[in-house]
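The chain below stands alone, shown as structure tokens; this is the form predicted alone.
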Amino acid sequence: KPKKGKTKKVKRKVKHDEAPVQEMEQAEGEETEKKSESGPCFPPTFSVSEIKNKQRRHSMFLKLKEEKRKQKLELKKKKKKERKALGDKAPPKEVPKTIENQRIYDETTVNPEDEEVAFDEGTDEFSAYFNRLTNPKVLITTSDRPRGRTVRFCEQLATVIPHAHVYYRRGLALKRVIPQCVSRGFTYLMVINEDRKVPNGLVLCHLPDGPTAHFKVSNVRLRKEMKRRGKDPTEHVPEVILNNFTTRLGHSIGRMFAALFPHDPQFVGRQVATFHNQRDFIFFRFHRYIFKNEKKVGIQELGPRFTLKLRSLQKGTFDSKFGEYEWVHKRHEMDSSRRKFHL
């Protein structure tokens, strides 16, 4: 009898222990199903760089990237639903962090109401233009023996800037060209330099007293190279837009570009020349606009387009040996932070 009782007890114990084992198996099965649905799960201290095999490391990196992308999308959808549910009571959208809005404050940022700035503008080299005492007249030339692409670029620039004339250099030094320009009433000398048949530099000299700016030119696109461009520009005087020239240096560069164009734009032509400064790169675009209705406006790029980067600003006219430089871009000293800009 006592033996039978023992065996019964053991049997009961086995039956009693089977339920939690089954529950654990079910839980593990659910976990594996969840893992397979959400994608590969990595431990918290996992680093892809620890994987020695190159192909496996690359595949794991792609999986990790895909998982992060899915998580980001889910979070975005969740936030969108919450905003929709709250309606008018929804909190304002967060402003994304960019290099521009995280910019290090520059002490030379121009305040339009500053009396010192107004005095400097009234007495600088461009004051005659802004007081309507002179009309712009531009001479565009090139480095010695220019190639076809540079010549076409100069010709297209002459169609953008009114009262611009293209002359070939013929081996003359700039110091000899400048007095001839002044005697013939030119207010600007623009020199396009090239390297390996590609325009790579621009010297802009304001006459007769300077200043002279030297720019690096990149990403030049001529009209034939542009897709969906409009018809060639007309001879109407375009409007000029100058964006984000906020510091004292940027202000003087903006005034320099403004003085290239006549005062009164002809709105009949519906043409706009834009100099847009972003992270010290000056993007030039030339558009024609059309009013579709009272609210909508269509724009059409006419070309050419290019990007400028200021290298130096020199007082007076061009003088490579004895010129006094107002500002020079020193890359290793000035570009220590990505959030610091000079224009």
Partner chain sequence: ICRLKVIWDLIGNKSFCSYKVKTKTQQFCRNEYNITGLCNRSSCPLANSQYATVREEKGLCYLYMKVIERAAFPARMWEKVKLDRNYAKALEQIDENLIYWPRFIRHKCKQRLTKITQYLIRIRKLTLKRQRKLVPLSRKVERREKRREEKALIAAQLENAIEKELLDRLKQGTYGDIYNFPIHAFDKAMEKQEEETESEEEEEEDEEESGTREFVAEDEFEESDLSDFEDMNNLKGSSDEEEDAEDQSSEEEETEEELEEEKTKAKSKGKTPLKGPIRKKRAYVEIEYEQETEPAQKSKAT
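Positions refer to the first chain, counted from 1. These numbers come from a predicted model, not from an experiment.
Another form, the form predicted in complex with its partner chain, is not on view; read the next lines as being about it.
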query	finding
Partner-contacting position among S127, T108, Q71, S218 - heavy atom within 4.5 Å of its partner chain in the predicted bound form	S218
Distance check, Y289 to its partner chain in the predicted bound form, heavy atom within 4.5 Å	yes
Distance check, F283 to its partner chain in the predicted bound form, heavy atom within 4.5 Å	yes
Contact label in the predicted bound form: D120 to its partner chain, heavy atom within 4.5 Å	no
Interface membership of R169, its partner chain in the predicted bound form, 4.5 Å heavy atom rule	yes
Option from 265-273, 205-213, 85-93, 154-162 whose residues, in the predicted bound form, bring a heavy atom within 4.5 Å of its partner chain	265-273
Full three-residue contact with its partner chain in the predicted bound form, heavy atom 4.5 Å, for I241, K296 and K309	yes
Partner contacts in the predicted bound form for 304-339 (non-hydrogen atom within 4.5 angstroms of its partner chain)	T307, K309, R331, D335, R338
